[in-house]
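Just one chain is shown here, as structure tokens, and it is the form predicted alone.
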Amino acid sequence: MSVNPRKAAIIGCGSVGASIAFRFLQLGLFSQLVLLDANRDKAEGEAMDLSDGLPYGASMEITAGTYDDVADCALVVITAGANQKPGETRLDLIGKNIAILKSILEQITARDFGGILLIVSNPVDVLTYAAWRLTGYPRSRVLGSGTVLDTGRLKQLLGDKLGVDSRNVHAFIIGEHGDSELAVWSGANVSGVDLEDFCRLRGDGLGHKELEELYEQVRDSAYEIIRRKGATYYGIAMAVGRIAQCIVRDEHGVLPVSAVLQGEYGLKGLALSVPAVVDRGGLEEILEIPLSQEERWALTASAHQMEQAIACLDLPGEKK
């Protein structure tokens, strides 16, 4: 079946899925948006609520649908799964969410789907790798939202600390979207000016202690939000919207999405969040950015945690 480049679907209409749908409406990226949920009434209610705002937003059709409606979508976003609860890590969700993912992918692969899968459910790196193995799709068509949100958090906090617009801050969080993630301080800059040089120009130094505190704030941000309001969804909706922009507009944008590694950074047999070029075809290229020795060790340690999680899963053999 041919792909409709202006059609997308969101599977899972909880707070995250509904917020992503709202962001898609704001951006006007699609002319058709299909919502699916195990609770059909929930999907219909969200479609109705969103459609009420169409006179003040983009021109599009928003409906509750079935898996038959997914076949010609250019992008399918999967958010369905158990939510992270206070005290839980993202890796604690594996058992619950892998079963849900398998049931969804069985429905998608039964259709002639030729679009891109974007996994948002947690643990996103593990589920992205599982989705690639379960579907047999090329790795270019199976992405995870990765550390795009974490990177946004880092830019915002660093911008606040430096007193500059966060959009002028360039830095990455890579590795697991979770407790073993790491900040790539060695490549951080403000509009092309090395972070250390920028701090010196402003007479405002950031020592190791301050950088570590910023990193910990980023790493623990979801826990703090969940403790206060029960769930996170606006930030991830903005992050997914940015990924979708790169795909729909063929932007060749550089984002730290979760992608299957096949030798990059000396790693394979897992998916990890690393900088990559994202375009109309999904994953165009993984970028092996320079890392300090300490950062490379941290990335390897993060990868080891993902490998241990993946080893517990019952997945079909990896394609050669």
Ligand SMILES: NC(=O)c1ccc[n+]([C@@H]2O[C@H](COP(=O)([O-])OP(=O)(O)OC[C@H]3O[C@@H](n4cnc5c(N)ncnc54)[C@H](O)[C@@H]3O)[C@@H](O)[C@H]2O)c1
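Since the structure is predicted, the reported quantities are computational estimates derived from the model, not experimental observations. One rule holds for the numbers: they count along the sequence shown, beginning at 1.
The following text describes the form predicted in complex with the ligand, which does not appear among the structures shown.
- Judged by heavy atoms within 4.5 Å of the ligand in the model of the complex, the contact stretch among the candidates 166 to 174, 72 to 80, 207 to 215, 245 to 253 is 72 to 80.
- V16 belongs to the set of residues with a heavy atom inside 4.5 Å of the ligand in the model of the complex.
- Interface membership of L195, defined by any non-hydrogen atom within 4.5 Å of the ligand in the model of the complex, is ruled out.
- When contacts are judged by a 4.5 Å heavy atom cut-off, S103 counts as touching the ligand in the model of the complex.
- In the model of the complex, the ligand sits within 4.5 Å of a heavy atom belonging to D37.
- For the marked spot (T128, S258 and P275), a heavy atom within 4.5 Å of the ligand in the model of the complex is absent from each of the three residues.
- If you take 228 to 243 and check each residue for a heavy atom within 4.5 Å of the ligand in the model of the complex, you get A231, T232, I236, in sequence order.
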